[in-house]
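Take a look at this one chain, the form predicted alone, written out in structure tokens.
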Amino acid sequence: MRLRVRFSKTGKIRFIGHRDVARVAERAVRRVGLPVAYSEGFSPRMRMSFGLALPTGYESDGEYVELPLIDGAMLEANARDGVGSDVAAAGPAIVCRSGTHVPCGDEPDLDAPSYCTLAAALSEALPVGMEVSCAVLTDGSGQSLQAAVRTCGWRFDIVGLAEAAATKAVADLLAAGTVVTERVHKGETVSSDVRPSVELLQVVGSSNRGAELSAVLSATPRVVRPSELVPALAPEHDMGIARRTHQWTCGAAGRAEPAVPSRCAQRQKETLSG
């Protein structure tokens, strides 16, 4: 059984890297007291798997981490062996194993905490700028999150670019047969055509920095980022703040998110755009 957690990363904390996010998440899980499986060997580490890595400096409304849970007997055995003893000492896990969801407005059942309780507890254990919006149980089958994600939704602005100029630039890019951009990969500058990776690109308004755009970009065979589009859209301008809004998988039912925030878990947030 795995716990799939969706969380945001906004504000100044966007400047910490993926490895630091993993360390922060591990500390939060320990504080909450979730019975998460550990690796074996001389130096056991908490097992966790993330979705697509978020570039440093980017914000996100839809980051994911999966945590393999262990049963009570194994938790006690690990505690006796000194593995995850701090987790065992933290008390019972506050994860709903019944599969039912108790809205935040209902009276909580202390014997069966809800998903909202777990999301709130994890959010409290995380630093400012990181907030859990969803926690669901999965059977752990299928592809990993990194392999399952096919496209990502983005919002970003271009500093100093007027909305009318951005609209024309977007139309020109979408009409082009090829859009060759450059990126640095392992110390080398690589050129590639990103036009096939642009599923959707539109101007949605403007911020105090400049025109604001929304995009759906492919994550396979590699992740295409908004920073690669800006030089093609407005070579004389820089990208402002970029935010990943969604990570989408693709199955028989079409495009879907790995975990969808409940209405009550998002009661203090804006509704995520579809």
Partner chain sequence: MQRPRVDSNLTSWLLAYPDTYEIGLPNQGLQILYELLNERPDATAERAYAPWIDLEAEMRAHRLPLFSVDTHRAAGEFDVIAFNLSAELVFTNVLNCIDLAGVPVRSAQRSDADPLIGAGGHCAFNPEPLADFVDFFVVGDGEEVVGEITDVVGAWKRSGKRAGTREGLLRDLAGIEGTYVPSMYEVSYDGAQLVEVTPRYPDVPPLVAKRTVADLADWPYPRRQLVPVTEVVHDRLSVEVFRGCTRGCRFCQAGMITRPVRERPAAQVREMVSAGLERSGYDEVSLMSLSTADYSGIAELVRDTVTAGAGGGAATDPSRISVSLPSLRVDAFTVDVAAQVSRARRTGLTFAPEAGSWRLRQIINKLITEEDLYSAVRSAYSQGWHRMKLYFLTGLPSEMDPDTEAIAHLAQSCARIGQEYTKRASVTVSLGGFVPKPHTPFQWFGQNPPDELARKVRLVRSALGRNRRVQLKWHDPAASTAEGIASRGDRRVGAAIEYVWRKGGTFQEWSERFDLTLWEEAMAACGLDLDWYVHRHRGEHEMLPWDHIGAGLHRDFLWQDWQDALAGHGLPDCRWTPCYDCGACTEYGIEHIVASPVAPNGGSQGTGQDLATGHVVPVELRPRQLAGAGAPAGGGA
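Predicted, not measured: the structure shown is a model, and the values here were computed from it. Numbering follows the first chain given and starts at 1.
The same protein has a further form, the form predicted together with its partner chain, not shown here; the description that follows concerns it.
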field: in the predicted bound form, the residue from 44, 240, 55, 231 that sits within 4.5 Å of its partner chain by heavy atoms
entry: 44
query: Do all of 34, 38 and 127 end up near its partner chain in the predicted bound form, with near meaning a heavy atom within 4.5 Å?
result: yes
message: Is residue 260 part of the interface with its partner chain in the predicted bound form - any heavy atom within 4.5 Å?
response: no
- prompt: Is residue 27 close enough to touch its partner chain in the predicted bound form, meaning at least one heavy atom pair within 4.5 Å?
  reply: yes
- request: Classify residue 70 as contacting or not contacting its partner chain in the predicted bound form by the rule of any non-hydrogen atom within 4.5 angstroms, answering yes or no.
  value: yes
Which of 163 to 171, 127 to 135, 150 to 158, 191 to 199 sits within 4.5 Å of its partner chain in the predicted bound form, heavy atom basis: 127 to 135
